[in-house]
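Okay, here we've got a single chain as structure tokens, the form predicted on its own, with questions on binding and movement later.
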């Protein structure tokens, strides 16, 4: 039951009291709580909190399609970021006592769908693009002053996507996807021939570059996108290839603050089924397994993090969202499905809304 207590701490005092009886019953039946952006049955967009059995606990509306979510116990708030290149982020009170607040990206910037809070909840950081300069930045927002934007520092690359905070509470790891975008051109990718992806470690206190790692120059079209950190502080990442469709480079690897970056070897049949696209990455609670998803290939792959080899392959149509569920995983799809894989015992469930690309286990 500690997971439910951790969620209630993250949600803030009074969350349970704010729920309707049916929602409260769903929370009481759940040891785990998950969050995801969704598309509603009416065609609108929102974000939901779900119990481990798939019961709806809470929801909020969004002005457009959301992407990833972060929640801070210390701030008592969560944030849903717009799908890149989006211009909004919605700050919400999980207890429902305060109305959501919509943040708009400042002139010359757009969001990239991801962000994190500082350990004390006083600052919010978001991956953004200085799109005229084609450079990534991390926007810094004061959570104690209406989420006023108080500054930024560089990500030392183009197209920053996911960012995570390492266990030291000081170092960010950022995946610079290497792809230039501009709001005037929607999701068009403007620099495929000159892409320069990297994994960077940044000191969150002053924006200082701690380290920057790149794959071999011949893999410069391998966009590094999403990440998960294991108990050994290895940063596992998944890639999306923008080179020739007939080529099949490796798509999964890890990086360390000691300067190592390496792709692992997935077998040809698995690479072929992934179709050059990894959508989400998650590490199991015991760090023994890594899960990756490919909505392009309708594939879910579980990897042994020590042997660095795939041990399970599952199929899920348009499956992308992943989160640890004990020593297994919960997976969600753009078709509205939610299943357990790699030992997570749960009955498959289908919803009347469609899941977006990411699933967060809260707490």
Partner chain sequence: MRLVLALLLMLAAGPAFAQSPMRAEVLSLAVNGVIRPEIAGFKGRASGLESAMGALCAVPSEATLSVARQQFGLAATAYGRVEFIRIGPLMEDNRADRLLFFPDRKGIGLRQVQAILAEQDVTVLDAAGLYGKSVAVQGFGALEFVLYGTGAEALAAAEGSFRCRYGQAIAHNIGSIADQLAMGWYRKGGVAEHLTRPVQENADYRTETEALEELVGLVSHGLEAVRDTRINPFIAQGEVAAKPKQALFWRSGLTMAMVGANLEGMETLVSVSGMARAVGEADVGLDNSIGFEFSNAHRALDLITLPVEEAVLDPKQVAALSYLVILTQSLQAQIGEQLAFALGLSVGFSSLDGD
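Given the structure is predicted, the values throughout are model-derived calculations rather than measurements. Numbering follows the first chain given and starts at 1.
From this point on, the text means the form predicted in complex with the partner chain, which you will not see here.
Note on the interface: of 97 to 105, 127 to 135, 162 to 170, 250 to 258, the segment with non-hydrogen atoms within 4.5 angstroms of the partner chain in the model of the complex is 127 to 135. In terms of contact with the partner chain in the model of the complex, the residue from 193, 120, 145, 216 that brings a heavy atom within 4.5 Å is 193. Judged against the partner chain in the model of the complex with a 4.5 angstroms heavy atom cut-off, the residues 84, 184 and 316 are in contact without exception. Taking the partner from elsewhere, residue 320 is found to have a heavy atom lying within 4.5 Å of the partner chain in the model of the complex.
Mapping the unseen interface onto this chain, residue 65 counts among the residues with a heavy atom inside 4.5 Å of the partner chain in the model of the complex. Although the partner is absent here, residue 225 is a contact residue: one of its heavy atoms lies within 4.5 angstroms of the partner chain in the model of the complex. The shortest heavy atom separation between residue 207 and the partner chain in the model of the complex exceeds 4.5 Å.
Although the partner chain is not shown here, in the model of the complex the stretch 226 to 263 places heavy atoms of 226, 240, 242, 244, 245, 246, 248 within 4.5 Å of it, in sequence order.
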